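Only one chain is given next, in structure tokens, and it is the form predicted alone.
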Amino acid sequence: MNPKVSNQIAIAMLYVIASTIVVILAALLGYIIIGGLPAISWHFLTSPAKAFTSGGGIGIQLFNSFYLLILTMLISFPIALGAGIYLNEYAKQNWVTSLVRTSIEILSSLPSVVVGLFGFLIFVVQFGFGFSILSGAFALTFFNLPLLTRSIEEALAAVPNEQREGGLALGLSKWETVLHIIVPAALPTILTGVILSAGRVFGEAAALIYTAGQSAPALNFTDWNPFNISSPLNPMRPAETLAVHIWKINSEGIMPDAKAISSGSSAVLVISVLGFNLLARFVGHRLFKRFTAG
């Protein structure tokens, strides 16, 4: 066969495959968003859920999702940043480092339900935290940490060695070079990875069923004392997130408008995750232009 003809056939097949994937993804997102948009309103986004009557919302579940996300990122990001800096800048290339990287890869591929059961046995039962936001945040930290560590390590590895050599040539120590030159240079890629991992955590359900619980007690949004059980900031209260709420409605929901609530909740979840991805691209692009003066 003529090489030009075979090349055109191969390119055409790649276009067909790519177009098929895009169409399937667009159809899936369109079905979820179009089916759920009619149910979305300010009342739906801010009112509490109802178990037996229609007209409930997702206000508490939506707040729980963002609160759990913030706590998870506050715990996991410093650990992942330190681990990424050590693995890329200080760790020697030997079998121990290879074992650590292999372990990170294995942990990142664990099913979320396994992480949830681990969190249930350790944090809920052994440590006595019970079904709580704190148990869910620790479980999601184990779920998020491998991917975030790998993302930060790759961001640091992408920084040219000339910048490290330049910092050392100016008399900076190894740590000062990493802190003031390498990390700022990798910051756009690091933030992109953080935002993408936040979207992954926001949509997680299986790990939270066994740790954060499946109930959403009534909250008093005028009480910001984290030691009160009705306070939204209390980390020891059970907290049903939006993803868990969708699963619960579709498995055992008995309210008359269960389908509308499920469709609206799914649309909000998908839109939020899409927002995280778009925000990651926007922030990464803006920071890259700022730091490279492009």
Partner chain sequence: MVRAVYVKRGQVMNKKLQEQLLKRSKAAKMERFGKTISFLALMLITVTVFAIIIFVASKGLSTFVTNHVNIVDFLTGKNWNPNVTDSKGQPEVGALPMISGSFVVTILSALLATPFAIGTAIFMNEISPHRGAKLLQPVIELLVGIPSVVYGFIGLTVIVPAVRSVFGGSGFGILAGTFVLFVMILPTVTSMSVDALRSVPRYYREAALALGATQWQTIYKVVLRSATPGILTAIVFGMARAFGEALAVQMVIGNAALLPTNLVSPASTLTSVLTTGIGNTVMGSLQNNALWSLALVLLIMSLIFNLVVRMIGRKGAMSK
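Just so we're on the same page, rigid core means the largest C-alpha set that superposes within 1.5 Å between forms. If you're wondering where the values come from, they're calculated on a predicted model, not measured in any experiment. Positions refer to the first chain, counted from 1.
There is another form of this protein, the form predicted in complex with the partner chain, and it is not shown here; the text below is about that form.
Exercise. Quick one: is D223 in contact with the partner chain in the predicted bound form, heavy atoms, 4.5 Å cut-off?
Worked result: Close contact is absent here: in the predicted bound form, D223 is far from the partner chain, nothing within 4.5 Å, heavy atoms only.
Exercise. Within a 4.5 Å heavy atom cut-off, is S251 in contact with the partner chain in the predicted bound form?
Worked result: Heavy-atom contact with the partner chain at 4.5 Å: present for S251.
For this session: Answer for L269 alone: is it within 4.5 Å of the partner chain in the predicted bound form, judged on heavy atom distances?
Result: Judged by the heavy-atom cut-off of 4.5 Å, L269 is in contact with the partner chain in the predicted bound form.
For this session: Spell out, yes or no, whether the shortest heavy atom distance between I40 and the partner chain in the predicted bound form is within 4.5 Å.
Result: Judged by the heavy-atom cut-off of 4.5 Å, I40 is well away from the partner chain in the predicted bound form.
Exercise. Is the partner chain close enough to I106, V113 and L145 in the predicted bound form that each of the three has a heavy atom within 4.5 Å of it?
Worked result: Yes.
Problem set entry | Selected contact from L45, L233, I32, I70, since only one has a non-hydrogen atom within 4.5 angstroms of the partner chain in the predicted bound form | Of L45, L233, I32, I70, the residue with a heavy atom within 4.5 Å of the partner chain in the predicted bound form is I32.
Exercise. Which residues from 17-39 come close to the partner chain in the predicted bound form, meaning a heavy atom within 4.5 Å?
Worked result: Heavy-atom contacts to the partner chain in the predicted bound form: I17, A18, T20, I21, V22, I24, L25, L28, L29, Y31, I32.
For this session: Once the core is aligned, please say if the CA of A157 is shifted by at least 2 angstroms between the shown form and the other one.
Result: Comparing the forms between the shown form and the other one, which are aligned on their rigid core, A157 does not shift its C-alpha by 2 Å or more.
Exercise. Fitting the rigid core first, would the Cα of G167 be found 2 Å or more away between the shown form and the other one?
Worked result: It does, since the G167 C-alpha is displaced 2 Å or more between the shown form and the other one after the core fit.
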